[in-house]
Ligand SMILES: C[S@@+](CC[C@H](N)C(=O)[O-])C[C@H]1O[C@@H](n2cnc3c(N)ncnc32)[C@H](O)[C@@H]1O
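Given next, in structure tokens, is a single chain: the form predicted on its own.
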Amino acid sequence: MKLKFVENIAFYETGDGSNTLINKTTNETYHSKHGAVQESQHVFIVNGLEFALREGHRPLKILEVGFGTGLNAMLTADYHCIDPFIYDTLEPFLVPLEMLQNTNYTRYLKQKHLKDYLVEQYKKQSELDLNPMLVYLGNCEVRIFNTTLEDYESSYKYDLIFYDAFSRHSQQEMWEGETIKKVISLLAEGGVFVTYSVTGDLKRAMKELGLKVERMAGAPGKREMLRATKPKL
């Protein structure tokens, strides 16, 4: 089965100067309009990755729901470059290579080569029509699955989940009970789930599944974000 790519997208400059993509059909951006990089850093790196590492999760297994432009994967590899770790990421509609090539994220990375590595390997893997694509960013093994969360199956239980789905406005089903139940089934005991959004349905679903839920200050321009931890049995 051939890889599926998104259509009708364009670049959008966000408030911190970093760019993102906007779907011109739904008018939905891939990151916060207030700042793509600052949102990813705040939600997924500071309150997700750093927290999980402090909790002692090594070596890490990470699942990202919503690969998009690859920003979260690059920031993760840039931050956590010492220990080898696994990074699985889901994207039902991949971003075309030319869009990935022209993001301006290199200026925000300490390891400037990471974006070039991502683009080069993404190009080769997509030409071979491989699913998952296998990309190496330093010690980070990134597997990009061209599939939905609903259809995804894994033998892994993940220590950290980045939930970076589109907003409830355009993907309501991604924030409701059955979908949340599916993603939490992939979380290891003691594992951490982080997302940029807080909704009533999401909080209720998390609590019903027995997770400890924290509402935290959001990235600039957003009031709140959510972090949830699965108890150790």
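So that there is no doubt, residue numbering starts at 1 and follows the sequence shown. Just so we're clear, the structure is a prediction, and the values are computed from it rather than from any experiment.
What comes next is about the form predicted in complex with the named molecule, which does not appear here.
query: Though only this chain appears here, would Asp83 touch the named molecule in the model of the complex if you measure heavy atom gaps against 4.5 Å?
result: Although the named molecule is absent here, Asp83 would stay clear of it in the model of the complex, with no heavy atoms inside 4.5 Å.
- request: Consider Tyr30 of the chain shown here, and say whether it contacts the named molecule in the model of the complex, taking contact as heavy atoms within 4.5 Å.
  value: Residue-level check for Tyr30: yes, a contact with the named molecule.
query: Is there a non-hydrogen atom of Asp159 within 4.5 angstroms of a non-hydrogen atom of the named molecule in the model of the complex?
result: Looking in the model of the complex, residue contacts with the named molecule do not include Asp159, since no heavy atom lies within 4.5 Å.
query: Going by a heavy atom distance of 4.5 Å, is Phe166 a contact of the named molecule in the model of the complex?
result: Output for Phe166 is yes: heavy atoms within 4.5 Å of the named molecule.
- prompt: in the model of the complex, which of the stretches 202-210, 181-189, 49-57, 63-71 has residues with heavy atoms within 4.5 Å of the named molecule?
  reply: Of the options, only 63-71 has residues within 4.5 Å of the partner.
field: The unique member of Asp116, Glu141, Glu150, Asp129 whose heavy atoms fall within 4.5 Å of the named molecule in the model of the complex
entry: The residue in contact is Glu150.
- prompt: Does any residue in 80-113 get within 4.5 Å of the named molecule in the model of the complex, counting heavy atoms only, and if so which ones?
  reply: Leu90, Glu91, Pro92, Phe93, in sequence order.
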